[in-house]
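One chain comes next, on its own, written out as structure tokens in the form predicted on its own.
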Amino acid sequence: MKYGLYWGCLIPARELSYEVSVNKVMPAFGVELVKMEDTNCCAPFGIQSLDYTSWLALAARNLCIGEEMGIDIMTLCNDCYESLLMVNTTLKAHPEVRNQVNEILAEVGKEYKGKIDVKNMIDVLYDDVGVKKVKDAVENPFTGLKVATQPGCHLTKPKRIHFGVREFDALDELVMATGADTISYERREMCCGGPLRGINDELARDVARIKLVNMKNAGAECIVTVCPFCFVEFDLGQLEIRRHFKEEYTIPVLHFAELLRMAMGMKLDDWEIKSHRTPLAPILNGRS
């Protein structure tokens, strides 16, 4: 299995432990990740709202690079996944739009042909690797750890492409393969509030707080996400909520790749542990 790895903007800039963990975990399952060179921003949902054609062209340029490599694209960021997947689906289905976009791409020597697919890391692990193979790779299970999963909005939406909430179940099954228990909590499908950052920070905090209240009330000992924006909103957000609401939340937040990496018997380095603003000690204590 070989994929062109699209990192996106946020992960290399702010969440290096996510990057390191993916590079350690995926090859263990026979997944070869080839770095995509000379990519641009995926043009996430904000660009879609400002200029629809620019969104199509910017995302399509990344798809062209994957086509030139001759392999499907794997994303780690939910916004990148939504943007690239939506554009790929739109351009394949609508030749007139594809022709319009190719006129723009011709100015930079690119042509979109619709020859590849876009997958999220969860798609690859669940569909291509398989839950059983993931479970078989676990050497140090998180037995009994109560996990609140937060797949993030764009892993499951728009539903006309994802056909419901399969990705919620897929992430839960993969988390349970590490030995942990996933828990049900109210408003599980609600956004983390991250997209509101820079627009209405107060409302973003309110939304994140609602999620954290429900997770805490359900007995969550850890939050696991695959979205870098959700990670920031809950990891750093717990400190903000403490200051603004005078409420204490100390629920460790992990990227799924980090959880899986540790369950496979690999340790996080000290700098990776310290990069988490909400301490990981509650789930690391007692692990060899």
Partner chain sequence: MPDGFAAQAKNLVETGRVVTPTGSMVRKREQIGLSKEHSTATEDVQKILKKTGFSKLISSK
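Only a predicted model underlies this, so the values are computations on that prediction, with no experimental measurement involved. Positions refer to the first chain, counted from 1.
The discussion below concerns the form predicted together with the partner chain, not included here.
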Worksheet item: Pro12 near the partner chain in the model of the complex, any heavy atom under 4.5 Å?
Response: yes
Worksheet entry | Exercise: Arg261 in contact with the partner chain in the model of the complex, heavy atom 4.5 Å | no
Worksheet item: Val108: heavy atom within 4.5 Å of the partner chain in the model of the complex?
Response: yes
Item to complete: Examine Gly66 and determine whether its closest non-hydrogen atom to the partner chain in the model of the complex is within 4.5 angstroms.
Response: no
Worksheet item: Thinking of Cys41, Asp51 and Glu103 as one candidate spot, does the partner chain come within 4.5 Å of a heavy atom in every one of them in the model of the complex?
Response: yes
Discussion item. Exactly one residue in Gly30, Gly46, Gly70, Gly219 has a non-hydrogen atom within 4.5 Å of the partner chain in the model of the complex; which is it?
Written reply: Gly46
Worksheet item: Among 234 to 242, 220 to 228, 53 to 61, 247 to 255, which stretch sits within 4.5 Å of the partner chain in the model of the complex, heavy atoms only?
Response: 53 to 61
Discussion item. Could you pull out the residues of 1 to 24 that have any heavy atom within 4.5 Å of the partner chain in the model of the complex?
Written reply: Tyr6, Trp7, Gly8, Cys9, Leu10, Pro12, Ala13, Arg14, Leu16, Glu19, Val20, Asn23
